[in-house]
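First, one chain by itself in structure tokens, the form predicted alone.
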């Protein structure tokens, strides 16, 4: 600990339980584990020095950003049965050091010619949004946890969010990377050149790597021009198929679709209960669809809605925020009921309803399941499923849901990563050849298995 304190300062090496508590339990409240210490370096050089010290001592490291994850990927896992904190059985049996990147808050000036900006891994998503907007640009990744999620964390999981239908996943926005490798060397490729065919795409490799290959310390981000104006509509729909059909017909050709979200009636009811917001549509609505589309001028509504649809439309910023609250408070509403088993999965477009029916049918055979809530990003087939009832450590519902995803040709992780929660199920949606290739990459860069052991590949 003395050597680590010499690198980052006494106040940035936390060893007491109270000081570490916020760093060793993830946002889901289901996953946690003990840590040797939490270390908070201030820049890339300090990160590299911390990595070299830990690697020399054979101490595992858990890279962590805002710790808003839901699959245990940014917190320590429980020690294997029969092991001790001494590390006598190798790095997997040793207590890890959590390396927090929250102090890496660099925000370089926006390059107006290229529409790019270089930011630190610890920069909070909301701050990056504000920084880009001040230069008349926009960062294309947005999600409800924007006030606490960091750029490094969203890169580690290849986060999606509410704008994927318009701008794509995080991977599409990252055009350069800086990372500290497991041997303490620094990989820096932040030029952001649109054409740079000089070998392997190391930037793309680190996006979605979940801290298993190194610690991202900075990134070069591609920006987009913001919408001139927009309108938001909340519409009662029968199911996802009805919502997709409405979406196809309601958005005029040439109009940018900025978001398309859906909540089932039970999820909407819980949001209303915890928020105090009024019920926006009739009680008989089985689902509600939220659509945001770009407009040429403030006050315009570029949306063709049938007159017989139960809907509410907003163009004023405050009113739009009120409608978005029904969607963005969904996870909060589920957490207010208990500790949900949260699933971030995807299925082929058009397969949403069949999957939900099958999943609920299978979950009916799992004792203690009280309620199943569904919401998510309709336009890209990304469902968020909240299963309430089972104890946090009970994985019966987890196996049922994830096997159902595989049977419907989906992915067990759409945007939150695999982490520790889903590592044992990776084979359901990745072939043996793919897993072997990923293990080979992991072994090449981290031969001693010190970076985020247990996450992603198990």
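Numbering follows the first chain given and starts at 1. Small disclaimer: the values here were computed from a predicted structure and weren't measured.
Omitted from view is the form predicted together with a small molecule, to which the following refers.
**Student:** Where, among 31-39, 57-65, 424-432, 396-404, do residues come within 4.5 Å of the small molecule in the predicted bound form by heavy atom distance?
**Tutor:** Going through the listed ranges, the match is 57-65.
**Student:** Report the residue, out of 223, 159, 234, 334, that has at least one non-hydrogen atom within 4.5 angstroms of the small molecule in the predicted bound form.
**Tutor:** Here the answer is residue option 159.
**Student:** Answer yes if any heavy atom of residue 143 is within 4.5 Å of a heavy atom of the small molecule in the predicted bound form; otherwise answer no.
**Tutor:** It does: once the small molecule is placed as it appears in the predicted bound form, residue 143 has a heavy atom within 4.5 Å of it.
**Student:** Hey, in the predicted bound form, is residue 270 touching the small molecule, heavy atoms inside 4.5 Å?
**Tutor:** No, residue 270 is distant from the partner.
**Student:** Heavy atom to heavy atom, is residue 377 within 4.5 Å of the small molecule in the predicted bound form?
**Tutor:** Residue 377: yes, in contact with the small molecule in the predicted bound form.
**Student:** Within 4.5 Å, heavy atoms only: does residue 70 come near the small molecule in the predicted bound form?
**Tutor:** Close contact exists here: in the predicted bound form, residue 70 approaches the small molecule to within 4.5 Å, heavy atoms only.
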